[in-house]
Structures are given as C-alpha cells and as structure tokens.
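Okay, so here's just one chain, in structure tokens, the form predicted on its own.
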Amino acid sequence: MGFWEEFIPLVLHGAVNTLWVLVISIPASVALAIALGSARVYGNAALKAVATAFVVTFRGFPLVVTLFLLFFGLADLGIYLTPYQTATLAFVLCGGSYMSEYVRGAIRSIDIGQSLAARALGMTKFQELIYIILPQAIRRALPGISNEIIYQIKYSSLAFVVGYEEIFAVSKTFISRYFMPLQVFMVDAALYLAMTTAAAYGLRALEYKLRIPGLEMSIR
C-alpha cells in the first residue's frame, strides 16, 4: 500500500475525531460563557467572585497545561479521563472562559434604561436577564464568540498531547514513518481551512439571521 492510500483514510478518520470533540465542546463553551458572563454581571458577591476566579484561572492557563492537568493531574487523585473526555473538557473550560468576556461586555453595553423598565414592570432579576438582556447581548457578543470558535477549531490540534487520535496526531505518526512533512502538513492545512471556512460562513449566516434591522449597521 502506498503512502497516500494509507494516509488519506487515516487522516480523514482523524478529522472525524476532531469534529466529535468540536460538536460537543463548542456548544458547551458557548453555554458556559453565557453562564459565566451573566454571573459576573448579575450574580451576588459570592457568585461574582467564583465566576471571576474561574475565568481568570482558565484564561491564564495555556491550553496545553489545562490538558495535562486534566489528564495526568486528575489521575493522581484517582480520576481517570479518556483522551476524548480530556480534550473536550479542556476546550470547554478554556473556550468558555474566553467567550465569557465577550458576553460580559455585551451585557454591560445594554442601556440601563431597559433594565429599569423591566424592573418597573415587576420582572425579577432573572426574568430581566433571560427575556430582556441576554437576547440583545448575545447578538452583540456573537462576532467575538465566532472568532473564539474559529480559534477553538484550530486549537483542537493540541489534543494529540494527551493521545487523542485527531488530525495532527495521525500526521505526526506518518511524518515519523515516511518523513514527508510538506505533503502531510499541506493536507492538514487544507482540512483545517475547510473546517474554519465552513464555520465562518455558518456563523456569518447566524449573525445575519439574528440581526435586528434598523438597530445595527448593515452586514456587507
């Protein structure tokens, strides 16, 4: 069997494994970001402190360090995660922490008059957040969140450090066996470009669908 006949099926299998991580970690990251951003603005003092400490911690850790802590560090405590679980959890923790800053900023950008009007109507703080603030804030935060999602797709290549068989892990194996780095990395680049381009167009379409005509600049 030649190089290409062996490499292409395996690297495509690695791409599928990459997608399996992303299909869980991206929605979970967004959900975590909304929860953290909301807690830092609307939570009580204790909740704000916990959410802030969480964000500062996982924004401060390099992703590789987070992967190692979850995979090797937790094992010392008797908690054993598979490579897939480790990669997914690490991407959620880091991605959610970064995205939460966009959510927090978007919530802060909503005019305070809307908050006062909601309270004048007898809404609770939670109802105000869910029905008035978040629908607007998510629209404003979406471009920043989209950027982090693109980064998350590219950072998925770091999952190889804990033994997960994604695109880069397969490629490293073939480079060590055949020493054809240019060919291998060109295929990798094409796969990542395809995934990021598809995500960018999808997110752009979502941003267009969620726009409120007359309340924001037109999308060109």
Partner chain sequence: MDPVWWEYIPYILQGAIWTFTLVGGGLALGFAIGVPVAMGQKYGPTWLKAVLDVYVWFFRGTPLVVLLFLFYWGIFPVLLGIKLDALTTSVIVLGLRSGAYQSQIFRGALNSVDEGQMLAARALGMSKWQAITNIILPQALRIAIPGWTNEYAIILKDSAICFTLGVVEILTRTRYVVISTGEALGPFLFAGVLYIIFTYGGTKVFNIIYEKYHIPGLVGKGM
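These figures come from a predicted structure and were not determined experimentally. Residue numbers count along the first chain shown, from 1.
The form predicted together with the partner chain is left out here; the points below concern that form.
The partner chain in the model of the complex is approached by N147, whose closest heavy atom lies within 4.5 angstroms of it.
The shortest heavy atom separation between Y151 and the partner chain in the model of the complex is within 4.5 Å. Contact annotation: M186 falls within 4.5 Å of the partner chain in the model of the complex, judged by heavy atom distances.
Among heavy atoms of Y155, some come within 4.5 Å of the partner chain in the model of the complex. No residue of the trio F3, P9 and T82 has any heavy atom within 4.5 Å of the partner chain in the model of the complex.
Contact annotation for 49 to 70: residues with any non-hydrogen atom within 4.5 angstroms of the partner chain in the model of the complex are V56, T57, R59, G60, F61, P62, V64, V65, F68, L69, listed in sequence order.
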